[in-house]
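In the block that follows, a single chain appears as C-alpha cells, in the form predicted alone.
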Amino acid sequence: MTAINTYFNKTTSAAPLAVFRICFGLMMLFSIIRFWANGWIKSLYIDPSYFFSYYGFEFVKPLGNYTYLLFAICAVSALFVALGFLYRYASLSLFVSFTYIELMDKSTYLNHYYFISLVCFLLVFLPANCYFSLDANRKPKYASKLIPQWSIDSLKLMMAILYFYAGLAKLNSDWLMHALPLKIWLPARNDMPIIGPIFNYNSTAYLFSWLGCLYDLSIPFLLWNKTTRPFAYATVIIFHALTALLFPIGMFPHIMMVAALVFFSPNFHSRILSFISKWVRFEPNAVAENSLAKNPSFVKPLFILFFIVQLLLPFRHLAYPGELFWTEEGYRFSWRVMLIEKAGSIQFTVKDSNGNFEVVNPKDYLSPLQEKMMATQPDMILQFAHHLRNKYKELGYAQTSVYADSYVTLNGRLGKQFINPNTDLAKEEESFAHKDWIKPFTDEIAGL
C-alpha cells in the first residue's frame, strides 16, 4: 500500500498531456473532415434502410440527415479539445458524439474506432487543459505545470493493452504456422512499385507474420524504456507506415504514430510546445513551477475499474465453446486486429403457417458493406432474420419462420455451412449465451 500511495503521489510535467491533447484533437478533426469529404456519412449512415445495433444499445438510432449535424458536433468538439477551449464540455461532447456514431451500425466496427472511444473517455477526466491551452490562459487559477504521473501513465497503459493483446491474439497456428491471412492478402499488393514482387513469396508472409507478432508483444515495453525508446519509435513509424501502404485501415496508423509520442520525456514535449508557440504565436500565461492540477477523488477508483475491465474483457471468449474465429463470440472489443480473412454467402427463406414462402437475398435490403459483414457474423445474421420476421408479419405472413442457407470460408479454407439450416431464427433470441445453431468448425486453430 505504501508503494501504491507513493506512486499515486508522484507528479510530472503537464507538457506530454498537452501535446497529446493537441495532436489527438487535430487528428480527430482531420479524420472527420476526411470522412465527410469522401461521402461516407451518406453511404454508411444515411443511405441504408436498415442498421445493425449493438446488443444492449438498441436505443442508439440512426439520425437520418441529422447525422451531418452529429458529425459537425464531433468535429467542433475535436477542435476545441485540441485548443483546450471549454475542454471539459468539449471532451465529453467528443466522447459522446463519436461513440454514438460508432454504435449506430455494427457493420462499421473497427478496433481503432473502439480505441478512439476509450481514449476520448479517459480524456474527459484528465487535466489535459491545465497547460498550454486557451482555458489555462482564460482562467490562470486553473493552470498548472504539474499533473499526477498516473494521468500520463493511463494513456500509455491504454496503448500498451492495445499492442500487447493484439500480439497475444497472433499466437495462433494460422498466423504463425501458416502465415494466414497474410499469405492471402500480400500477393494482392504485388503491383506496388519496387517492393510489390516480394509479396508473391510465401516466405514474405511468414516474415511479416512473425515480425508483426513480435512487434505487438514487445513495443509497449520498448517504448516505456528510456534506452530503447528512440529505436522503438522508429520501429513504430516503419511498422505503421507499411501497414498504411498495404491495407485500407484509414487513419489508424497515423493516430498510433502520433499517440506513441506520449512515451517520450517531458523535455521532449516541452520542445514541441516551444516550437508550436513560435509557429502560432501563442504565449501561455506564466504558471508557478510547483502548481499541480488535481483530479476529483472519484477519478482514481474509476480508472482502476476501467483498466480492470480492459484487462479482462478480451478473454471473455474463453467462456464460449467452439473456435473463436468461426463463431466470433467474444471477438469484438478484444484487440484482434486483422487476424482473419472471412467471406460468406447467405440467403434467407421466410415461411408462414399457411405454406407461403419467399427466398430473400440480403442485397435487396442491405448496403454492400452490411451484406458482407452480416454474412459471416452470427449475431448480425440473427438480427437480420428478426428484421425479416417483423417485415413479413407486416405483409400478412402468419406465424413467420426464417431460415438461413449460409456458407463461410475462413482463412482460405473451403467454404462450409455456417448456420444450421433447420433452425428457425425467428424464434431465437439474442443474448450473451452461446448460439448453438452455429454449425461446428471441423478444423483446428490452436492458440489463445
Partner chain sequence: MNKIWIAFLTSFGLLSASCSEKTNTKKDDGNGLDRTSFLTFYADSIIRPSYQNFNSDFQLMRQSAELFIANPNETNLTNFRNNWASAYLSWQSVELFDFGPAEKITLRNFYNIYPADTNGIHANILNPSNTLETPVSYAQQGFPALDYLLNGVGSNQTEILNFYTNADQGSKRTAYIKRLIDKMDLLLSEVITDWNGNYKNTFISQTGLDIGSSTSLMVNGLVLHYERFIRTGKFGIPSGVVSNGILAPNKVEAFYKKDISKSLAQASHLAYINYFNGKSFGSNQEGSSLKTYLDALNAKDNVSGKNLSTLINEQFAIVEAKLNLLNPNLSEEVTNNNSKMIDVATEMQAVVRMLKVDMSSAMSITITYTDNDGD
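Positions refer to the first chain, counted from 1. Bear in mind that the values here come from a model prediction, so they are computed numbers and not experimental data.
Quick note: we don't show the form predicted together with its partner chain, though the next part is all about it.
In the predicted complex, segment of 302 to 310, 188 to 196, 260 to 268, 90 to 98 with a heavy atom within 4.5 Å of its partner chain = Going through the listed ranges, the match is 188 to 196.
Using a 4.5 Å heavy atom cut-off, are Leu110, Asn200 and Tyr331 all in contact with its partner chain in the predicted complex?
-> Checking in the predicted complex: Leu110, Asn200 and Tyr331 are all within 4.5 Å of its partner chain.
Tell me, out of Val337, Cys74, Leu103, Leu122, which residue has a non-hydrogen atom within 4.5 angstroms of its partner chain in the predicted complex.
-> After the contact test, the surviving option is Val337.
Contact assignment for its partner chain in the predicted complex, among Asp352, Asp153, Glu341, Glu323, heavy atom within 4.5 Å | Here the answer is residue option Glu341.
Is Asn295 a contact residue for its partner chain in the predicted complex, using a 4.5 Å heavy atom cut-off?
-> No, Asn295 sits far enough from its partner chain in the predicted complex that none of its heavy atoms falls within 4.5 Å.
Taking heavy atoms and a 4.5 Å cut-off, does Met373 contact its partner chain in the predicted complex?
-> Yes, Met373 is a contact residue.
Residue contact check: Ser406 to its partner chain in the predicted complex, 4.5 Å heavy atom | Answer yes; at least one heavy atom of Ser406 falls within 4.5 Å of its partner chain in the predicted complex.
Proximity of Asn225 to its partner chain in the predicted complex, heavy atoms at 4.5 Å | Looking in the predicted complex, residue contacts with its partner chain include Asn225, since a heavy atom lies within 4.5 Å.
Any residue of 251 to 284 that, in the predicted complex, places a heavy atom within 4.5 Å of its partner chain | Contacting residue: only Met251.
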